[in-house]
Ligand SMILES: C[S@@+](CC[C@H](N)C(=O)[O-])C[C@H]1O[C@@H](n2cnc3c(N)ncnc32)[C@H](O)[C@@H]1O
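Form predicted alone, single chain, as structure tokens, below.
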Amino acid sequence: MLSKRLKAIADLVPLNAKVIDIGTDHAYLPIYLYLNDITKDITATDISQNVLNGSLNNLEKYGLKEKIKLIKSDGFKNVFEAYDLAIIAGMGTRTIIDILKIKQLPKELIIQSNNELNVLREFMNKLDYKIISEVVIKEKNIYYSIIYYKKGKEKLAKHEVLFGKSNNLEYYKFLYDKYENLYKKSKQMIYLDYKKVLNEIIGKIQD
């Protein structure tokens, strides 16, 4: 039922955590978490009523209409309970940052952004969240970085801000080739800098 991306997110969810899935889409992830006994305390939200109607249909299909709570909400705006963990996936970094600009965030977050991962890492670092785990998976020729955060301070190195902490050799080689091609087309020096950093990362992983 789950895509490879959503399964990777589900694998990071701690057992029996009180979970909220922000921007749930079809509620596939909450349904999987419930049916696989990862947690029974799940709320799913989305800004779109049409999406929530589809989510409700899926909950009814699996007999979970009374088990998983649905809330129409723009991010956390209509959410008034406290949660152990929030999942925010499948959006852009700027949207995610807007969602996270509230006073009381959960102490744990699983975030999968579609772009500007360095901006996301810097923002989360300034919010005093540390990276516990970063997983990169490839699905349909697209790489997805999934980051599990916990409240706490850490000092990120420049290469960790830029390219994360996944140690995924295939992903780093892909990025190296990407920036090499971009440099050939544009001759912008920033891409040479990125290549140098990636070359060092790749070398350390291969040692």
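These figures come from a predicted structure and were not determined experimentally. Note that residue numbering begins at 1 and tracks the sequence as displayed.
Beyond what is shown, the protein has a form predicted in complex with the named molecule; the following relates to that form.
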- Message: Does the named molecule, in the predicted bound form, lie within 4.5 angstroms of each residue among 47, 51 and 95, using heavy atoms as the measure?
- Response: yes
- Item | Distance check, residue 75 to the named molecule in the predicted bound form, heavy atom within 4.5 Å | yes
- Do residue 26 and the named molecule come within 4.5 Å of each other in the predicted bound form, heavy atoms counted? yes
- Using 4.5 Å between non-hydrogen atoms, is residue 106 touching the named molecule in the predicted bound form? no
- Query: Does the named molecule come within 4.5 Å of any heavy atom of residue 19 in the predicted bound form?
  - Reply: no
- Task: Report the stretch among 59-67, 147-155, 168-176, 39-47 that approaches the named molecule in the predicted bound form to within 4.5 Å, counting heavy atoms only.
- Result: 39-47
- Message: By the heavy atom within 4.5 Å rule, which residue out of 85, 99, 117, 132 makes contact with the named molecule in the predicted bound form?
- Response: 99
- Item | Residue among 124, 91, 137, 79 with a heavy atom within 4.5 Å of the named molecule in the predicted bound form | 91
- Message: Suppose contact means any heavy atom within 4.5 Å; which members of 1-15 contact the named molecule in the predicted bound form?
- Response: 5, 6
